[in-house]
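Only one chain comes next, encoded as structure tokens, the form predicted alone.
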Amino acid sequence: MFDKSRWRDYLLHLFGAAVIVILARDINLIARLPQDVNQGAIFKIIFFHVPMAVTAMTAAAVAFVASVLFLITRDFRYDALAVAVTEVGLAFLAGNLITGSIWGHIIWGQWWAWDARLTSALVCWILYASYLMLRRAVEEPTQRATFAAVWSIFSFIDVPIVIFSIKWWRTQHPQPVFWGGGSFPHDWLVVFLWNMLAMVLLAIVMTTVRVRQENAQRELDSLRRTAHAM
């Protein structure tokens, strides 16, 4: 008999294994690339710093869409997707902030600078962390999902500010490589794009796992409430 659930597990494990292989390959290639003329070996952190940021902002966009769809349809599958992708996005944004601090400590001589890009990114992390805290504070499932969806939509306002802050204000953060007038050597660009793909695929795997956990937890909570009502 064909078991869809088991086959989904196999495919997810296979997909996850492929992501690990790609990441291992990328790390090996990044280690072999020559150092930057001006910044030395620390510049290679850009191969993780930027993909983490892009992945985090993409996760925020998915959470925004899922939250809007939940408010329209009241379908809890969208709520599960919103909370799952928010958790994953927070992890990647934390990685972005940490790698940025390490980079800044080497280049600027300080771990943190309160410029527009860094501050708006930190505010973004706090907003989405507050989303998770809000969910824990509300017991009733429909009310929890509704409040969380509204907060997610509100939090997304900061995402364009994070992205365009270095264009709107003079900041200590350097201009982006690709839309700030810079460029990569071709071999660097290939590795960069491969690692960008790896980060996005890793986020998809993590989100898929969390969606399944969230759906299972919701079914368990529903059974528990039914048992208490009997």
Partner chain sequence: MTGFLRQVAVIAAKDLRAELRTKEAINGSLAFSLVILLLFSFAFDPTGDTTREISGGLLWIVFAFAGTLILNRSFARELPNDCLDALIAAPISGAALFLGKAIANYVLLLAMELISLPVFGIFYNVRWTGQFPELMLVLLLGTWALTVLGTMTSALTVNIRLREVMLPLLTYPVLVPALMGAMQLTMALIAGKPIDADNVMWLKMLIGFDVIYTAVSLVLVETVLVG
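Model, not experiment: these values are computed from the prediction. Numbering follows the first chain given and starts at 1.
Missing here is the form predicted together with the partner chain; even so, the following discussion is about that form.
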Exercise. Which one, Ala91, Ile102, Ala113, Val150, lies within 4.5 Å of the partner chain in the predicted bound form by heavy atoms?
Worked result: Val150
Problem set entry | Asp158 within 4.5 Å of the partner chain in the predicted bound form, heavy atoms | yes
For this session: Verify the contact flag for Ile106: yes if a non-hydrogen atom of it lies within 4.5 Å of a non-hydrogen atom of the partner chain in the predicted bound form, no if not.
Result: no
Exercise. Leu97: heavy atom within 4.5 Å of the partner chain in the predicted bound form?
Worked result: no
Exercise. Quick one: is Ser165 in contact with the partner chain in the predicted bound form, heavy atoms, 4.5 Å cut-off?
Worked result: yes
Exercise. If you check in the predicted bound form, do Leu71, Val123 and Ile126 all have a non-hydrogen atom within 4.5 Å of the partner chain?
Worked result: yes
Seminar exercise, completed: When the partner chain is considered in the predicted bound form, the residues of 102-140 having a heavy atom within 4.5 Å of it are Val123, Ile126, Leu127, Ser130, Met133, Leu134, Arg136, Ala137, Val138, Glu139
